[in-house]
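Here we start with a single chain on its own, the form predicted alone, put down as structure tokens.
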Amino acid sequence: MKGAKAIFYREMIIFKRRIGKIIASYSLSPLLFLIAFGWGMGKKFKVEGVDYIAFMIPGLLAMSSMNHSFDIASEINIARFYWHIFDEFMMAPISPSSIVLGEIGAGMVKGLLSSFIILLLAPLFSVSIHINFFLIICLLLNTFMFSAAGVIIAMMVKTHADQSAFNTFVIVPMSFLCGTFFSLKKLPKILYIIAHFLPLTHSSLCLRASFLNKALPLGSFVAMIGFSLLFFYGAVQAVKRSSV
């Protein structure tokens, strides 16, 4: 665990040096979504029995925490391709699981910070915030899951162009097709089925249920745990292969 703490500490030092710019960048996108959809549509439409803006905010939490947690992949790629610091991690007496845990922890901090900013912005748009145990657990699972996925992709890609292509063809479509901004019931049946094979769908469903004080969809909660374990295992194996 000392290795994981050391890697996490390194990432946090870099994070702290850029904290002002990071907070500003993390705030801009959610604020634009809230202005565009909140003021424009929030009180005029209802989705699944609630005002649209109240429906949208949990989806925004899911999407934003996914994007910023997964962004650890970019940080790893910079360390690999330019600074070659990741090569030093590989040569140090640190286990692959410790490397993965350290990077996941850093990704989770970024995802949780973006979520905290959204929760701070929501009352400005007349949305009541209900922070409860399951909302926190679901946010932790979502950030863990996509941080682990970020480590996998960072180990697989060979260039920044590969990383950008993955974001374009996987992360961006998933951001908008997994029930973040509209009800999954509106999707054609085939897309509805496909959506349930994507991890962000289950994050959106669980976060929305928790945020709106509804019954937690146990199937989706179990799916989040399953994806988290699968991605963590995949991340450890990816780091092991890259060190060979």
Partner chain sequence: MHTIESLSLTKKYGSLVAVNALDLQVKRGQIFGFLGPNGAGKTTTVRMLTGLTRPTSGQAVINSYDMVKEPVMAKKQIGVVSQYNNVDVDLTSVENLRLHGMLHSMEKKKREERIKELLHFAHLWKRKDELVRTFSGGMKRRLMIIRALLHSPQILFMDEPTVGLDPQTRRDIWALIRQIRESGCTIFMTTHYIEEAENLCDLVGIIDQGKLITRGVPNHLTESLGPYTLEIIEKGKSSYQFFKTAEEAYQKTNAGNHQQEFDIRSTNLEDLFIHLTGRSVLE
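Given the structure is predicted, the values throughout are model-derived calculations rather than measurements. Residue numbers count along the first chain shown, from 1.
What comes next is about the form predicted in complex with its partner chain, which is not displayed.
Its partner chain is not shown here, but in the predicted bound form it comes within 4.5 Å of a heavy atom of Tyr9. For Asp87, a non-hydrogen atom is located within 4.5 Å of its partner chain in the predicted bound form, even though that partner is not displayed. Interface residue remark: Arg18 is counted as part of the site for its partner chain in the predicted bound form, having a heavy atom within 4.5 Å. When its partner chain is considered in the predicted bound form, Ile14 lines it closely, a heavy atom lying within 4.5 Å.
Heavy atoms within 4.5 Å of its partner chain in the predicted bound form belong, among the stretches 78-86, 118-126, 141-149, 165-173, to residues of 78-86. Checked against its partner chain in the predicted bound form, the candidates Leu113, Ile94, Ile137, Val157 yield a single residue with a heavy atom inside 4.5 Å, and that residue is Ile94.
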